[in-house]
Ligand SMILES: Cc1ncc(COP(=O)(O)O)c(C=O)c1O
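For reference, the chain that follows is the form predicted on its own, supplied as structure tokens.
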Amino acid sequence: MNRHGGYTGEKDNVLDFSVNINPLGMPEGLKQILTETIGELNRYPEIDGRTALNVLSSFTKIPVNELILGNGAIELIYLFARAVRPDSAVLLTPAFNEYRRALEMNGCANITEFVVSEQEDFIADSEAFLDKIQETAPQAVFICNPCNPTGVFIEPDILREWIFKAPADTIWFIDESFIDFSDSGGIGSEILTDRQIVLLRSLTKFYALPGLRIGYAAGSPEIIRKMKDLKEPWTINALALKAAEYLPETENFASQSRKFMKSERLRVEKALEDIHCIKAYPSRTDFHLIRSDRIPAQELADRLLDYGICVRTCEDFPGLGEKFIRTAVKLPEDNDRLIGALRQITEE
């Protein structure tokens, strides 16, 4: 099983910068809805989440036959790999480490990683990546946008160019789990009927619900049908379904969250620029990738933990190594504590 963020140690009052969850917390109205739903836990939830799917369809303007709910976005990554069972794939990396595991578990033996280097600030050369797709003609391509862990955002016009210049039978899996934190929209659902595409969305990160496990995918009807055919019944609990049904009520919360995140993210980037021996890469979402030039990442993480701060080291991401950590953007006072600790450690 792959390693992920989340503090599991014995220290008390640790600020956990290793997980990328909306620091504003869940919408207040949703808390009330979930509290009321506890009284309904003596009944089975809908076996296929039909009510939540209909609400999601109305909210996103995507037909129900192009939508599927998942027990978090992670279930849908594995369900896609199991339904499509590609025999070849290209992964744009560094990126989330579950894509490869899901593919390998489902018989994909020919996996090519197109690694974007730190010398390029982790921004893929568009022509080179397209050349790799045309050269290898993979059955599936996996892209995380904005990318976890680099924070790089690929503009929709570049993505569309890749998709329409690639072989028409290529299946594109585009993970937009962090797109809600971005000040830019994703590629758009109108493309789903033109090519074989699956767009992945997480509700647990932006709405601060990691314990509920809820996400969804929008995709070409034939791929979504295959995924639904293989999906186990009742993978989503009643509380998670209610959270999905509440989405239309969250537009003000979403707007405020994006405004806060953009302002605070840029403020943190500016402060990190002034710290000796580290480099924070520009991000378009709710975390930063940081390179430590003098102190190895694990040592830096250990020393930050002495300050009551947990960060994610990145040695298990392809293309990264012992120099990199990832830090979430949290509330201003928490971010100031991280900035102060990094400054003190690097000046020692």
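In this text, all values refer to a predicted model and were calculated from it rather than measured experimentally. Numbers follow the displayed sequence, beginning with 1.
Not pictured, yet referred to below: the form predicted in complex with this ligand.
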Problem - Ile77, Thr204 and Arg213 all contacting this ligand in the predicted bound form, non-hydrogen atom within 4.5 Å - result: yes
Exercise for the section: Name the single residue among Ile179, Ile278, Val84, Ala73 that comes within 4.5 Å of this ligand in the predicted bound form, judging by heavy atoms. Expected result: Ala73
Practice task
With this ligand left out of view, choose which of Ser257, Asn148, Thr250, Thr170 has a non-hydrogen atom within 4.5 angstroms of it in the predicted bound form.
Solution key: Asn148
Fill in the blank from the handout: TL;DR on 229-237, 132-140, 159-167, 196-204: the one with heavy atoms within 4.5 Å of this ligand in the predicted bound form is 196-204
Exercise for the section: Decide whether Phe96 counts as a contact residue for this ligand in the predicted bound form under a heavy atom distance cut-off of 4.5 Å. Expected result: yes
Practice task
Determine whether any heavy atom of Cys144 comes within 4.5 Å of a heavy atom of this ligand in the predicted bound form, and answer yes or no.
Solution key: yes
